[in-house]
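Two forms of a single protein chain come next, each set out by itself as structure tokens; they are called structure 1 and structure 2.
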Structure 1
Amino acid sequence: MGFLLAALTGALAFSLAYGTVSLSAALFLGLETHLVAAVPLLAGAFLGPLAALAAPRTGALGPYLLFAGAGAMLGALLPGALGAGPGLGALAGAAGGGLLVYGLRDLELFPPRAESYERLALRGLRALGFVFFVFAVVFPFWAMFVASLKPRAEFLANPADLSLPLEVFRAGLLPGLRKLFEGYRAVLFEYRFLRYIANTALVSVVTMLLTLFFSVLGAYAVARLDFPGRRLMERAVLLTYMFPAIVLAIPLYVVFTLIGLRDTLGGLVVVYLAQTLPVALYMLRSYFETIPESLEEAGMIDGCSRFEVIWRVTLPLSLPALASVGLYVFMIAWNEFLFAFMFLDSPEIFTLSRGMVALNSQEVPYQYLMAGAVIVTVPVMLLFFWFERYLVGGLTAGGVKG
């Protein structure tokens, strides 16, 4: 029974690896692949029992290298499985061998236990989920990026071709790079996106700093001070989120026109501050309540004022929450479209989301629209990956007390 289970695991691991590599080569490289299902099934069924006998343990690199190499050899010897040459077959085989060892590591298969079936099923679902979500996240961005590199005629000739247009380099490296990134040059300089980037960065940073300043004071007051209406304020802080932004857009437009804040970046900052301050207060209040009051009391015994305690004790202990709130506010201000579209009329103060409207036209090449979308997306995406550990820690902090 153990050998049968290992063979089945190997067949599934190699099928998943070959299918993923075949789909990736077709979507991202434009290669014509023809997956022969029998090859990964037989290769995996053959290597599965051998991998089970090797009894891989967590942290042992040897079994991974051994069976990745064996899978690569089988893939290179049977290139017809993908129909795209031995190199791609070797890559798929190596991925299948590594995935096989990952699935069988630390399992008791001789004889198999009930726990082994459960762990194998969970690992298989985890691998499938990982592949699915990677494709779901990477594919739209890759399609947008490739479209930003191709002229409209080439893109419309074959919209399903998502391979990089490397033929532009036949004229040389520098001419090829100029032609490849022509859309980005036009968007940044001809359509003034450099100025829009500066405007958006200014609005986002100012909104983030103001939100952090006011939310720290408000959240600390709710978490530590006792005053009339404290509980009501604590429960009503998110009340503004009951009203959709579109409901507030028209009244705000009228009021800001009357007081002269429409068509100014300052007015946009005020709107964004009202949008982000409630949830920032809520997140920081939950975090401040997890900090032991004894630490602040010790600071006050040593002669610190309340503001000095906040600055010297509370804020240093709250860096994960501050980072997560700051990133959250920055992303909202960077990506916001509705109020920027309604309030800004002068091109000199357009933000990126407002400037994208100018690219959504029949007169503007589709390549430029996609280049603008990449420019809008990449900075926030990089910031998110850089501060992801703080974001997760700050969002979950305060969920458990004691």
Structure 2
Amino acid sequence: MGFLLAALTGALAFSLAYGTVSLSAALFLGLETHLVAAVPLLAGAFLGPLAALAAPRTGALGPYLLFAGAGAMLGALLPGALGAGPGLGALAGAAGGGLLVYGLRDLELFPPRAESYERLALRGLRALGFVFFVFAVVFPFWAMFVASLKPRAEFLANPADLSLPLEVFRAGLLPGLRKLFEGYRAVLFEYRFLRYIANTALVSVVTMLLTLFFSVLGAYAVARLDFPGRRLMERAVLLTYMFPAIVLAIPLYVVFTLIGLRDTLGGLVVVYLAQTLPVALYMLRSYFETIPESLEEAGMIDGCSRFEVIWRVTLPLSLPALASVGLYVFMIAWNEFLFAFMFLDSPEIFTLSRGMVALNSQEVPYQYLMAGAVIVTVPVMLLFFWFERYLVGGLTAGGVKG
């Protein structure tokens, strides 16, 4: 029974390794791979029981080296399984061997206990889960990037090949770069994305600053001051969070058209403000409540006015919260699609979202469209990675108290 279980584990480990390597090599390296499923299944089933006999423990490196090596040798000797040379086979085999030992570590298999089944199933699920999620997340973004570098004909020749077209550098570094980033050049300069970047940045920054200003005032009032209807106010403000933009879109379109605010960036900022203020206020209020009131009282006793206290005591203490709220608001404004799409008609004031729709309707090659997508995405991603800690705080603070 234990051997059977180990053989199954081996088959799964090797299939997972081979499948991942095959798919990755095909997608990201552009290699002509296929997959003969029998090879990893048999190899795993053969090595599994052997690995079980070695009874690997956490921290012991020996079994890993042994079975990764065995797997690598097997993989190298059977390159036909992937059809892409012995190197890749060895890599897949080594990964399979390592995964196998990792899966079997610290298990009682002779005879298997009930717990062992569960732990094996769990480990299998975890391994599958990691591969699945990483692929699901990386694949679209990688595809977007690569498609933005390849001319249409080149991409159509093999749409399953998402490798970087590095062969352009055969013509030299500069011509290569020029060819590689042709889509970006066209989108930025011919399709005016440079302008749209500036517009979007302007709208996002103004929205962020105004939201921070108003929400600090409002949040402070709700957190510190006593007034009738405080609870109600809070609820009402939160309600706006739940309103579908499309329901607001018709009347706002009507009114903004009548008062001439529709095709302007100012009108857009007003809408974004109303959409972000409630959440910002809510998030900041939660944070302000964690600041000891005594600090502010000390400031008051020292002769500061309310606003001086906010400026000199509360805000410096809330910098992390301000950062996360600011980033959150910036992101919302930068990514917003519906109102930009409906309100803006004049190309001079397009935001990136609106510009993308315009680009799409001009039937440009996919390369340009993907270059545009990269341009929209990259600033948000950069901000996100720089300030991930704050942003995660911001994303959760809106929902979970404390």
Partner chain sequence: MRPRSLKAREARLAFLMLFPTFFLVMLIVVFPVLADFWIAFKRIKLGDLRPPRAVVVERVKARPRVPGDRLVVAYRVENRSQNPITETRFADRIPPGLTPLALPPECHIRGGALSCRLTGPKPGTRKELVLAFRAEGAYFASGRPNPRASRPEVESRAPNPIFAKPFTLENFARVFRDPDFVPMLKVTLAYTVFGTGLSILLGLFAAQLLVVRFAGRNLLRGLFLFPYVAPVIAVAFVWVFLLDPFAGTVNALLLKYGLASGPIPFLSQRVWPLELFGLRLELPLALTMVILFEGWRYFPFAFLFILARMQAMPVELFEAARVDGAGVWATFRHVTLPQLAGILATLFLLRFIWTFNKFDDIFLLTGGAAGTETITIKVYDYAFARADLGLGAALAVVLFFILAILLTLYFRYAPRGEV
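Each form is matched to the other, and the largest set of C-alpha atoms that superpose within 1.5 Å is called the rigid core. Here, residue number means position along structure 1's sequence, counting from 1. Remember, predicted model here, so these are calculated numbers, not experimental data.
The form predicted together with its partner chain is structure 2, not structure 1. Rotation of the smaller rigid segment with respect to the larger between structures 1 and 2, from C-alpha superposition: 24°. CA movement of Leu23 between structures 1 and 2 equals 4.5 Å, with the two forms superposed on the rigid core.
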